[in-house]
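Okay, so here's just one chain, in structure tokens, the form predicted on its own.
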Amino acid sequence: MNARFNDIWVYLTATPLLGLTLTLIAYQLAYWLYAKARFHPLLNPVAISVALLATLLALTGTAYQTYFSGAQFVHFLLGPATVALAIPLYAQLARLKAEWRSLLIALVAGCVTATSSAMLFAWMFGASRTTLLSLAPKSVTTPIAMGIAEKIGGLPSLTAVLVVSTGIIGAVLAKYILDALKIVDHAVRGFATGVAAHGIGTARAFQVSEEAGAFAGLAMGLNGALTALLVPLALWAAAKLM
């Protein structure tokens, strides 16, 4: 029986669509648990599905590259999904025009804080230069963050792990932190979540309200663009000064 199962698994792992199928099944199961718990932040479906997939790959001895050969289609959809966030944002255009100055200040403050605080704490704990550079774009959505890391000398694979971890933690803790700060405006809550927790935080914001999701999507996109501009410039300036 075990030999037959092993034969079947070897055949499946040679099929590119296995990774995609496993990803969809894991996420559907995680989302079902999330819905059963009435969308409690601590049962974030991304965190649960990552844990399920990691456990399955470890138990079966499947290489990540084999899994990703099929799952990369989901990775490709991150780009179109990010662009599609412009649709709900259009409904908030009037407020966006009225408050663009406040949003710009919040964006710059969030971008600088997210990057500098991560690198500072890592430096204090003795992290290597490569790790520091990999941490710099950790609050940016994965495709942009990996590109930034590659250009500045970080490890894109490490950056991807840090980005996903940041998004999960942000999506889980955002509600409690914003509640403690007594911030009730959905636009403000969404924008803060988008800056700090990129796509995963934005998905969580949409579950709260369309307004929160729209501003989270805006923050995610602008933070990605600003980080891609500021981080290389800051590193270049630091190298010149040193």
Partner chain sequence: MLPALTLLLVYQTVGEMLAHALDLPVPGPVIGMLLLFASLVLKGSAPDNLRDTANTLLSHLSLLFVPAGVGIMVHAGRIRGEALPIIVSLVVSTAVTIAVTALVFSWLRKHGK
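None of the values given here were measured: they were computed from a predicted structure. Residue numbers count along the first chain shown, from 1.
Another form exists, predicted in complex with the partner chain; not displayed. Remarks below refer to it.
Hey, in the predicted complex, is Val74 touching the partner chain, heavy atoms inside 4.5 Å? Yes.
Does the 4.5 Å heavy atom contact test between Thr66 and the partner chain in the predicted complex come out positive? Thr66 lies outside the contact set for the partner chain.
Residue-level question: is Gly79 within 4.5 Å of the partner chain in the predicted complex, judged on heavy atoms? Although the partner chain is absent here, Gly79 would touch it in the predicted complex, with heavy atoms inside 4.5 Å.
With the cut-off set at 4.5 Å between non-hydrogen atoms, does Leu133 touch the partner chain in the predicted complex? Leu133 lies outside the contact set for the partner chain.
The partner chain in the predicted complex - contacting residues of 118-145, heavy atom within 4.5 Å: Counting only heavy atoms within 4.5 Å of the partner chain in the predicted complex, the contacting residues of 118-145 are Ala118, Phe121, Ala122, Phe125, Gly126, Ala127, Ser128, Thr130, Thr131, Leu135, Lys138, Thr141, Thr142, Ile144.
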